[in-house]
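The form predicted on its own is given below as one chain in structure tokens.
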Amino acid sequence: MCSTKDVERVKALGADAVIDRKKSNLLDAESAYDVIFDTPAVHSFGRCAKGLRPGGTYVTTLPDAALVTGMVRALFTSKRCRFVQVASKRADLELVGGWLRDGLAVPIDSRYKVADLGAAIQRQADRRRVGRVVVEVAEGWPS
């Protein structure tokens, strides 16, 4: 699911199905999904529960009060509410590095030195951003 401006780009990246969130409300579909993975953490379990099949799981990436509320609500349903945290592990980073060497295309919106982290965070939040915001750590601090 993405905005209208990103539909063609997401298709070009190889998505099996792309839903334009301005034309179709994914979350209003009754019992349609086994998993809703809210990577930008913009929805809550309560908002997504209707769209989950019995036994389905809502997954988010941001631990907050809504996640705790969702986990408690899930105790009283057949649906699950989970949180995923990513940790950098050498084997995983080497795997991703191999994909990049083999030609995996990652669209880059902009690059910032680590000393300009504030500007990078602002750009990441900008809805007009297209692609990833890269923070360059090597040689990023002023001398």
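The first residue of the shown sequence is 1; numbering continues from there. Keep in mind that what you see is a predicted model, and the values were worked out from it rather than measured.
Another form, the form predicted together with a small molecule, is not on view; read the next lines as being about it.
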### Query
Quick one: does T69 come within 4.5 Å of the small molecule in the model of the complex, counting heavy atoms only?
no
### Message
Can you tell me whether S31 touches the small molecule? I mean in the model of the complex, with a 4.5 angstroms heavy atom cut-off.
### Response
no
### Task
Give a yes/no on whether G103 approaches the small molecule to within 4.5 Å in the model of the complex, heavy atoms considered.
no
### Touches the small molecule in the model of the complex: V86 (any heavy atom, 4.5 Å)
yes
### Task
Would you point out which of 92-100, 37-45, 71-79, 51-59 contains residues with a non-hydrogen atom within 4.5 Å of the small molecule in the model of the complex?
37-45
